[in-house]
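Just one chain is shown here, as structure tokens, and it is the form predicted on its own.
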């Protein structure tokens, strides 16, 4: 199916149905979604090659003056759409409008990811051979490598948004490459991982040699890792760990649908100093090529860059349409759905600390005794009380301004978010954004996100 031609062909009819709805309701739109993809996964001798189950359907949404009502459909044809519209007109009540629905008038626009090497220009056999050869090469790097998990994922994401004033389409292509190295010395088994996730084409299929070598090297280092003694430490965090802190510290807690539910401490600190003056933080769907980016969100808002913290001052949060409307704040492009079958939430996109002026080397030299946190793992936060807990996979001891080579794993960061952010005393000049992860919310709806930052120096409790 040519997705663009299909939606262009059905657009005049859908627009007529939207106009019908708007004669009764205050705001109506239709979101069409079609997602497909390919997985090539090699795990030791096992190989898994499959196409993703296709996501194909749409959602019709109306605002009746008091709340939003939505119908999702898996059969996107004229009869089904007309039947749903008839049902909504007959059965959905309408009320005096409590809130104005903000919407930009964009007209007709088409967006598409640039692929330097189109994914469909490379034969499947070539993609499979690349993963096989690479896995074999990695396995030969050290006799302690017991298994290599090598993942190649293509994602084709097409969405169209139709409302009274807008007809938008976006055709996004994303490539995920991931390796996990499992090692053993006969006494213990450890693992390490890395990869890339970018919007684009086959130009991202090749993992850099230095990334592979570092992943293997650090996996082997973990075989000798010790357990860290609990306490307060001076810390230098890598861009990956800084991104995990950004995501957990002011991620969900600054999604403003949480403000409506009175489940976010941040709602009471807008305009207040909650971090070091060195700290500026963004959530931005406009970052070129990053996996959390898009051209418009699932409620038709063009992609925006939102400054959450400005030189330590908490500026604002991220909105979906409902929270922007009810809180009477400027809308941002954070209205996202797991799929057309799910409701929209205010969700992160690419969340990161802005770079500063220091170097990694300067930070390490400034630490008498501390830890360099190298590799992130998982994290969780308590937006209502601003608690944070992050697991890091790899940390290296710093003594007298130098890395000693002594490795600790796992390491847990715990603390109160403003205390951690106010303790940041140096911010690096080396911004990096990573998009390997997904983020869950609500009934565990998952969306693709990226996070990152520069190296940062701070003080907090480790255990």
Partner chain sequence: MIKKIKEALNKNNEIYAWEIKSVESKSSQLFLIKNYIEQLREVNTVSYFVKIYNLHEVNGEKQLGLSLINIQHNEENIDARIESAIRIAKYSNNIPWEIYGGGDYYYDKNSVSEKIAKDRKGLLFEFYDKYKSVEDSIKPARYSSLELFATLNDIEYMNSKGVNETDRRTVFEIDTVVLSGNETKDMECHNYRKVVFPEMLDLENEIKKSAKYATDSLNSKLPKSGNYPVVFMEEPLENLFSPLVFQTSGRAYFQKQSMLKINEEIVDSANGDKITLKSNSNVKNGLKTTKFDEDGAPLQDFTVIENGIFKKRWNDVRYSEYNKEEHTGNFANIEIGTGNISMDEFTDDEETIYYVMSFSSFSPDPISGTFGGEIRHGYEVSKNGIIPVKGGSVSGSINESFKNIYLSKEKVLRGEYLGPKAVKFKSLNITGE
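Because the structure is a prediction, the values reported are computed rather than measured. Residue numbers count along the first chain shown, from 1.
Only in words, not in the display: the form predicted together with the partner chain, which the text now covers.
Look at 307 to 315, 169 to 177, 146 to 154, 289 to 297: in the model of the complex, residues with non-hydrogen atoms within 4.5 angstroms of the partner chain sit in 146 to 154.
Within this chain, residue 436 is remote from the site of the partner chain in the model of the complex, having no heavy atom within 4.5 Å. Among residues of the shown chain, residue 405 is not one whose heavy atoms approach the partner chain to within 4.5 Å in the model of the complex.
At the 4.5 Å threshold, heavy atoms of residue 400 stay clear of the partner chain in the model of the complex, well away from it. Although the partner is absent from this view, residue 273 stays clear of the partner chain in the model of the complex, with no non-hydrogen atom inside 4.5 angstroms. Proximity to the partner chain in the model of the complex, defined as a heavy atom within 4.5 Å, holds among 214, 380, 97, 164 only for 380. Residue in contact with the partner chain in the model of the complex (any heavy atom within 4.5 Å), chosen from 387, 277, 226, 208: 387.
For the stretch 67 to 85, the set of residues having any non-hydrogen atom within 4.5 angstroms of the partner chain in the model of the complex comprises 67, 68, 69, 70, 71, 72, 73, 74, 75, 76, 77, in sequence order.
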